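A single chain comes next, written as structure tokens; it is the form predicted on its own.
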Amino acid sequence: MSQPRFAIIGTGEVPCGHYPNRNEFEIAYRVAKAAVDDAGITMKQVGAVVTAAHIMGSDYNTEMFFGRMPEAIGAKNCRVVATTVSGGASSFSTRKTAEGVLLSGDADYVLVVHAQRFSQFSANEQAKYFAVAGSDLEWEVPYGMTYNALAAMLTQGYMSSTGTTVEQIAAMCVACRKWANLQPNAMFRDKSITVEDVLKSRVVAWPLTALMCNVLADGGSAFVMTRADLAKKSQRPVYLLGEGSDYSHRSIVHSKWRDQGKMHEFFAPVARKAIHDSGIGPGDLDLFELYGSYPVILLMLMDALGIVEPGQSGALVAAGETSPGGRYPTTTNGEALGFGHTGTGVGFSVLVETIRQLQGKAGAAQVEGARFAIENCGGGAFMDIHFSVLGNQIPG
């Protein structure tokens, strides 16, 4: 492999949940300050600020487009301001934007910020937005397509194709919640669940129950990126070692995979590229920081990583091997199912958790001795996939 060019050196995060009295500007400022402090630099060293757009639109987006953030946080030497959004893949696209700025030489340190507040919208407004977003206006929206219905169809296909049981699907939700219970900023930090609880909750779109579906929440996070050579000055840099990406579709009827139970076949080559480019082997991975929003997508991502034979991930999860103390620590902040769904920010929260783990700052959720991690994000109606391998050391 070639030597890594970039590293992340600091992160910030606020509690996730329903906070109607905390607006998105406050969230953005708090996570920005926390990330810069954690990076061990000053605001005067921040040469660029990249933000992710707020889902459903707001005054926040307009203010970010027109450069409010650097002035508000005191980044007096900022040269570049940008907003990037690609749905749930925004943690990747903002990072790539930051990399471009670093390569240009216009900044030595780039601050990347995400903030989201869903509590300003009614439940009906939220449902209406997500009933249209990611769905085909001609062929899906008139028939009542929602993300929950789409995920339910994928779940049916996966269960039929692999023999995975509904109990194993529920076990993935429980595993995510166990990790969230260890996270002080998680939406469901104080609420544990069992497989029985998941199966007994109301049916949303068969076989998905309410506890198999994510909950929209307010929250935000930030990170500071720099070049690998400058990162050596930091105490605990986390290097970006390898990555892979692919795009499939706008509407899932045009997806690159034809069997809706075998989405892992689309994910797998992308994961293999990220691991290959990193210079490590699959057996070197200590953390599997996955973002799927629904339990079946998490299982498909695990299938793609080859931890077990495709279709056997449900049994692995049910055996507790992805939960705290298991052999394959997976999604250690609980992602959308346990931490909360912050629109374009779930990938951010998973990436921030990856950095914390590799810096040894994950508190009660810390996986001891973690060196290398693979993380992913994706947007739209499962339109794309981005895998990255990160490490707190450079493979020799």
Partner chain sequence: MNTRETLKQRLGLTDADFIKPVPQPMPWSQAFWDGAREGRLLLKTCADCGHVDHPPYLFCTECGSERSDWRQAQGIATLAAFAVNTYGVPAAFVEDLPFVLAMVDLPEGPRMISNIVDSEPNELRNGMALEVVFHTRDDGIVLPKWRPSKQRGSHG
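None of the values given here were measured: they were computed from a predicted structure. Positions refer to the first chain, counted from 1.
This next part talks about the form predicted in complex with its partner chain, which is not shown.
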Using heavy atoms only and a 4.5 Å cut-off, decide whether all three of Ala170, Met212 and Ala319 touch its partner chain in the predicted bound form.
no
Taking heavy atoms only, is Gly157 within 4.5 angstroms of its partner chain in the predicted bound form?
yes
Give a yes or no for Lys128: in the predicted bound form, does one of its heavy atoms lie within 4.5 Å of a heavy atom belonging to its partner chain?
yes
Looking in the predicted bound form, any heavy atom of Val203 within 4.5 Å of its partner chain?
yes
Taking 4.5 angstroms as the cut-off for heavy atoms, does Asn185 touch its partner chain in the predicted bound form?
no
Contact segment among 106-114, 132-140, 299-307, 67-75, judged by heavy atoms lying within 4.5 Å of its partner chain in the predicted bound form
132-140
Position in contact with its partner chain when the complex is considered in the predicted bound form, options Val174, Ile275, Ala217, Ile252, heavy atoms within 4.5 Å
Ile252
Interface check vs its partner chain in the predicted bound form: of Gln260, Ser234, Thr84, Ser323, the one with a heavy atom inside 4.5 Å is Gln260
Heavy atoms within 4.5 Å of its partner chain in the predicted bound form is the criterion; list the residues of 270-286 that meet it.
none
